[in-house]
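Take a look at this single chain in structure tokens; it is the form predicted alone.
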């Protein structure tokens, strides 16, 4: 539903590239970017918060290994793999450089990046409930969370979330595995197969007229005053943000194992599909803590829903949406179909983002097919966004960084895409 702001409430049009207003692909080099050393000390979140998140993942590893087959070490992480030189050359548009894939499209448990935030927040909530109930004892293995007393406690509580599908699935998988009731609020036009998948878990799916933002708002209101429930707020959750941020350490370890230097002479460009902003924002924050200005986060959004670009261009004083600038938020990349960015994320990493690239749906489908044919990557359209952005960004950005740069494209979902849905995406590509 379009916004109806007056001239006083509309964002400044001069701050937006004309191509954005015309829903055409563009590269927006962030004019508000500042050195990491000037930004990070002023943020409420610190490296101590990142270490705390990493420690929580470690505590819960025995539980995750017990709950999920194939997760023997209890780690939810994905491979970092190089693209073959000929495929990398296509992605780079002929420019020099190496391209690696951070394969969260094949992430264990849920097959999407949302497991990093969604599973983490469920674990943090379960830990808090167990502490309050006196169930935790010093030195006890967290594998006990899967046993009777814990499950009896969790069964009396509900975990709720507003989602276009992947976050809801990640939250639902973790919460149902622990015995929580689950309620997922979705827009009426969210993918039917994602709703069926949630119901098969035993989650209650509540459909709303309007877009993702309306669904989240309705769910937030419904759970605001309930002390027997926890609402996973994709727009405002620090736990989600930090769950994603912990992925930075995983990538740093893999880069080191591959012998890839990340420093001023060897910059690292990381391409992150962006919806409301939690996943890319958290990853960018974690990487900036570890690598400073040697890492250059590039967010990627659909031309119809560039909510983070619109927000950062308009300023951080108040929320704005893509509807306010005449865009319709209609995209086949359902995970990125978000009209308004998270203000938490915009205010935390807005000055750390290198650029935002907008891409068309046609480009997403073309890359889905190309990457399947040439590299065997099974991606949903939103997960192909990074590949569509690399060439345009490299062509636009300062060429001094090109020859010794490493490019990492973060894929975000696809392994659990039904065969019929994937075949349709290939056909459109």
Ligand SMILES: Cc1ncc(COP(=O)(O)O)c(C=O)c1O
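Positions refer to the first chain, counted from 1. Quick caveat, the model's predicted, so the values are computed rather than measured.
Not on display, but discussed next: the form predicted together with the named molecule.
Asker: Taking the named molecule as it sits in the predicted complex, is residue 166 near enough to touch it, meaning that at least one heavy atom pair lies within 4.5 angstroms?
Answerer: Contact with the named molecule, yes.
Asker: Are any of the heavy atoms in residue 297 no more than 4.5 Å from a heavy atom of the named molecule in the predicted complex?
Answerer: Residue 297: no, not in contact with the named molecule in the predicted complex.
Asker: Give a yes/no on whether residue 91 approaches the named molecule to within 4.5 Å in the predicted complex, heavy atoms considered.
Answerer: No, residue 91 stays farther than 4.5 Å from the named molecule in the predicted complex.
Asker: Applying a 4.5 Å heavy atom distance criterion, does residue 274 contact the named molecule in the predicted complex?
Answerer: Although the named molecule is absent here, residue 274 would touch it in the predicted complex, with heavy atoms inside 4.5 Å.
Asker: Which of these stretches, 75-83, 201-209, 121-129, 334-342, has heavy atoms within 4.5 Å of the named molecule in the predicted complex?
Answerer: That would be 334-342.
Asker: Which of these residues, 280, 162, 117, 286, gets a heavy atom within 4.5 Å of the named molecule in the predicted complex?
Answerer: Among 280, 162, 117, 286, a heavy atom within 4.5 Å of the named molecule in the predicted complex occurs only for 280.
Asker: Can you tell me which residues in 409-425 come within 4.5 angstroms of the named molecule in the predicted complex, by heavy atoms?
Answerer: Heavy-atom contacts within 4.5 Å come from 412, 413.
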